[in-house]
Structure formats: C-alpha cells, structure tokens
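To begin, one chain is listed below as structure tokens, in the form predicted on its own.
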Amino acid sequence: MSVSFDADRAAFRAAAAARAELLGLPRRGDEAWKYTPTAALVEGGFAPPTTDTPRPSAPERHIAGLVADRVFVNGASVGGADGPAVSLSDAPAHPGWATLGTLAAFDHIERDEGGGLIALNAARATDAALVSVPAGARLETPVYLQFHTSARAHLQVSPRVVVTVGRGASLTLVEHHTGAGPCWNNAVTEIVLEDGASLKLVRIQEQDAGSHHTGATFARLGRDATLETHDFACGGRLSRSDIRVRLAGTGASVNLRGLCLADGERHADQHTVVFHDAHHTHSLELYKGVLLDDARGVFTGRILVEPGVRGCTTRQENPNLLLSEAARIFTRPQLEIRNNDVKAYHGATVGRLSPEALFYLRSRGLDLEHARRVLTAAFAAEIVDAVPSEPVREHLHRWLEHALGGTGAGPAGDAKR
C-alpha cells in the first residue's frame, strides 16, 4: 500500500491500525523472534503521544561536529537546518511521499516478519522525515536526522524516514535515536536507490537503559546501485534492528556492518535479510557482538538467492566476544541458495579474549582490566573505523571507551551542541 501527498492519510492510517490489530506484536513463538523477550512490548502498556503529552525541549545528546538537518522530539518535528531533509508537517505536498509504504508494505508483511510493528508505525506516525536527492547530485556533508523520546509514563513513538536517491546520486545519512525514561521507539525507514545511486547509512540506537527500541529498514537497489550500512546497538534495555535489502537491479551491491555492545541485563537483537533478485549482485556482512555481565545478544543473517539468478557473491561473518560467564549470544546464519552459480561464505564464532594476548599486554606493564579494555576496543574498532564520517567515528569511539570502563569524559551521547 502506498500513499501520495493528495491521498487520504486518515484512510491509510485506519487500514494500518486494522492490520496492526489483526497481526498483533511479535511473540517468542514466532521463529524470527524466538530469542527476543517481546513480552515487555506486548504487556508494557505503551501508548502514543496525545495533545496532553508534555514535549521536552530539543535533546542534549548530539553528535558533536554535525548540525542536525531535522530533529524530532516525541514524534514531532522541532526544527533543523535548511537542506535536503524535510518533515511531513513542513511539506505535506512533497511528491516524494509517493514512496511511503511501498517498501514497508504492512498489508503484505506477516507477523513473524514484524508486520504488526510496521503496521503500528504506519498507524501511529504523526510526522516523518523525507530525504530526497536528485539525479546526479553528490552530497559531501552527511544528512543528520535525530529522533529523541523522553517520557515519565510508558510512551510509544513511531519515527518514520523515507529516502530516495536519484540516478547516479550519492548521500551519507546518519539516523540517530536517543531516548530517556520508559519509552519505546518503533521506527521504520524506507530507502529507494535508483540506477547507479549510492547511499551510506549510519544508524545509531543510543537510548538509555530504561527504554526500548524496534527499528526496521527496507531498501531497494536499482542497477549498479550501492548501499553501505553501519548499524550500532549502543543502548536500550531491549532493542531489535531489522535491515532488509532487495538487490533488484543487475550489479547492485550491499555492504552491511554492525556492532552490538551490551552490558547489565540489556538485550540486543540484530537481524538482516538480503534478497539477490538480479544477476551479478553482491552482498557482504560483518556484524560483531560484545556481551558483558548478564546481557543477551542475537544475530540472524538471512540471504536468499533465487533460481536462475547468476553470478552472485555473498559473504557473511559474525564474530562475537563474551566477557562474562553469564553473557549469551545466539547467532543464526541462514543461506537459502537455489542455484549453483553463486560464491557464498558464512562464518560465526563465539569466544573469549585470548589468554596469550592478555599475557602479552600484561608483560608490557598493563594491568588485567586495562589489557581487557585494549583488546576489546581493538575488536570493536574495525566496525567503528569504517564509519564514513569523522565526527560520528569520534562520537562512537567515546561511547565505546566509556562502555568498556575507560577514562573518557562520559558516554558519547553526552556530547553537547
């Protein structure tokens, strides 16, 4: 189902609400959610904002060195810089809204695939960000979108993003989710890359330990288009990130990277699906997990190559570190390849820090905890260092240092405007 600027948005939202009620939220009995405790969402009593819901001021958490193109607080736009990003409330007649709902089609997605969450977002989203890049344009400065939620009661907010990148155009986009209090951000992003287009997407979930986050990103790539994603699970008591990429044009390629670092009793779930629908398409995946204390992590990477699709290559890796006896990671590579003209590799490892490496560092004068931090930071840095923006890399390195018990000035999210 799609909606354009002159469509009846009320009817669209009513259809989405009916679908959300029919499907319900994911349960642990659903195969794709079997390791994720969704009861906190199902039974949490989360309600959308109303006209009486207090709206906090613009968030203090910010990526130093970037100017926010669009800021949303508790679901509503509170401003931003002039640029390629607009909000629905500012530009309700923008033609780019014809893309809304075409990839995240709630009427075709079942509950096990998160269909109830996607329909709930469509029903409850009160505003949204649209980023549109015309054919041939190459934007040098990243577009920065921030979504912040702050609540004293159980508040559920539905961030929405629609991105269209024209033929041969390129863009770097930073999607930053922050939140405090008993809130639940249920986000949906739709991305269309036309032939030869390029997008680098950095997605940071940096909510506090009392909040929840579910996010679904849908992308469709045209001929020779390229997508690069960097997905960071930096916070939240419960978080789930779904990235679904359809390589629809010959020669399209995607490079998916992600990092989960969870401590305490946090639960972080990262789930990817890549559809190789066209000849000579390519996918790479590298997701890393670092689990401390009683934290739980999940990685599921599903790759589908249809019969008759020739010359595809795919590689998927998921190395993980467990830094306590109680921490757990569940890793599930899933390759569904229905022809022989494919080069495919997948690997998943779960381990602990090398005793030999620890001994080496301690022999050079480091105490045990410092040596552990050095090795863990080096393990995670491969993902952080690949981020295509220096301010974002610095932000993430500060977060990483603080999360590992370093001597930094505080969490990356404490950087001020």
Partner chain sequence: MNEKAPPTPPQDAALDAALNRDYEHGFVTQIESELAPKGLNEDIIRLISAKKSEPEWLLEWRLAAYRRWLTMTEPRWQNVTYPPIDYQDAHYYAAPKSKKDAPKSLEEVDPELLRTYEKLGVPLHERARLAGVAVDAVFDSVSVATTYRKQLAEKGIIFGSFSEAVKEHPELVRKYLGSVVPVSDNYFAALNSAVFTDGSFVYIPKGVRCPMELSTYFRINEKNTGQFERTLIIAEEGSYVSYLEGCTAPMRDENQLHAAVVELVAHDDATIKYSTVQNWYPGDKDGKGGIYNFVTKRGKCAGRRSKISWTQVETGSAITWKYPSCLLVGDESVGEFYSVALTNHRQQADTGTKMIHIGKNTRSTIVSKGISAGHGQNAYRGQVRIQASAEGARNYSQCDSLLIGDQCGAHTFPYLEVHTPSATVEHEATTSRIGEDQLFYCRQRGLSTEDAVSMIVTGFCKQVFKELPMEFAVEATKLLGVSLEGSVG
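Quick caveat: nothing in here was measured; it's all calculated off a predicted structure. Numbering follows the first chain given and starts at 1.
This next part talks about the form predicted in complex with its partner chain, which is not shown.
Q: Would Arg138, Phe218 and Arg372 all count as contacting its partner chain in the predicted complex, using a 4.5 Å heavy atom cut-off?
A: Checking in the predicted complex: none of Arg138, Phe218 and Arg372 is within 4.5 Å of its partner chain.
Q: Which one, 382-390, 42-50, 26-34, 61-69, holds residues whose non-hydrogen atoms are within 4.5 Å of its partner chain in the predicted complex?
A: Looking at the partner contacts, the answer comes out as 26-34.
Q: Name the single residue among Ala123, Leu286, Val78, Leu335 that comes within 4.5 Å of its partner chain in the predicted complex, judging by heavy atoms.
A: Only one listed residue qualifies here, and that residue is Leu335.
Q: Can you check whether Asp277 is within 4.5 Å of its partner chain in the predicted complex, heavy atom basis?
A: Residue-level check for Asp277: yes, a contact with its partner chain.
Q: With a cut-off of 4.5 Å between heavy atoms, is Gly347 one of the residues that contacts its partner chain in the predicted complex?
A: Judged by the heavy-atom cut-off of 4.5 Å, Gly347 is in contact with its partner chain in the predicted complex.
Q: Contact between Glu265 and its partner chain in the predicted complex at 4.5 Å, heavy atoms?
A: Flag for Glu265 set to no.
Q: Counting only non-hydrogen atoms and a 4.5 angstroms cut-off, does Ala248 reach its partner chain in the predicted complex?
A: Yes, Ala248 is a contact residue.
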